[in-house]
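Only one chain is shown below, in structure tokens, and it's the form predicted on its own.
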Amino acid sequence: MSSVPAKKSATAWYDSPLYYDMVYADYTPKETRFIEGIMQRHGPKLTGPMRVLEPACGSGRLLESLSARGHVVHGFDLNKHQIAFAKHRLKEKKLQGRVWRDRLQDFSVPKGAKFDVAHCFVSTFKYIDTEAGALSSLRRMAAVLRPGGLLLIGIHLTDYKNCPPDHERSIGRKPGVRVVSDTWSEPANQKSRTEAMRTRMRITEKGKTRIEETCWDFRTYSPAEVRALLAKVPALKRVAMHDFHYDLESTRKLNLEYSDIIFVLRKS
């Protein structure tokens, strides 16, 4: 089996939406059920389809899943390859959805649009590298929610006193294609509030193997730093917390007992 030189950049992972999509495919059913279930528990009463906004929608896997279940979906992402992939998958499945290119910290939505729920999972929010940007993003999300609407944000919390290097592996498969994704994080820098991240995708396809490597910095959040940020957005009230297992029956507290937290925030 032959191999080709590694492709390295700050966006390599996202420039290959098919393989990125394969890595996260197993999460889609769980996340879809979680969004619907959490809306039934904590969201506003609906008389029609659920109107959903997905900031940083990536390859559009959740746009597709939710649209197929009758919901009205809108999503945006910064990466043009992900946006093209998401648009194509909706068109191919003859599903409705609006997708555009935008940034988390200063996005806009179609004039007059209001949503029942907005969701941003798997620590994507941590790409916003400043407090001002994070605050702007939360305020914009709150502004486009209807009263009683929910914002669901997944964040990996940081314990500055105990944050050794970490490694996670995911494997995705399609006929003729195998992707092994390894992600490493370096110890957090509390002063700069950053942690260096690296993902390497080993893609085997048509008898050839190639590597795509992505390096970037995440902004870090301790429980206290999350509390301080949310306190600046009084329109959003914390009503529940879960983890990245997307189990509606398992709730979490805002501490360091469990690091991967999904915040359920309600628009007042």
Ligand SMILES: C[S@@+](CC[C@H](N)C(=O)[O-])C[C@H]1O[C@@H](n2cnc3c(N)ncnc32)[C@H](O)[C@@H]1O
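Keep in mind the model is a prediction, meaning the values are calculated, not measured. Don't overthink the numbering: it's just position in the shown sequence, from 1.
One more form of this protein exists, namely the form predicted together with the ligand; it is left out here, but the text below deals with it.
Interface residue among 56, 236, 201, 66, judged by heavy atoms within 4.5 Å of the ligand in the predicted complex: 56.
Just one of 136, 124, 194, 183 comes within 4.5 Å of the ligand in the predicted complex, counting any heavy atom, and that one is 124.
Among heavy atoms of residue 78, some come within 4.5 Å of the ligand in the predicted complex. In the predicted complex, at least one heavy atom of residue 62 sits within 4.5 Å of the ligand. Using a 4.5 Å cutoff between non-hydrogen atoms, residue 105 counts as a contact of the ligand in the predicted complex. Residue contact with the ligand in the predicted complex: residue 158 places no heavy atom within 4.5 Å of it. Every residue of the trio 20, 24 and 82 has some heavy atom no more than 4.5 Å from the ligand in the predicted complex.
Considering the ligand in the predicted complex, the lone stretch of 184-192, 116-124, 162-170, 149-157 in range is 116-124 [heavy atom distance within 4.5 Å].
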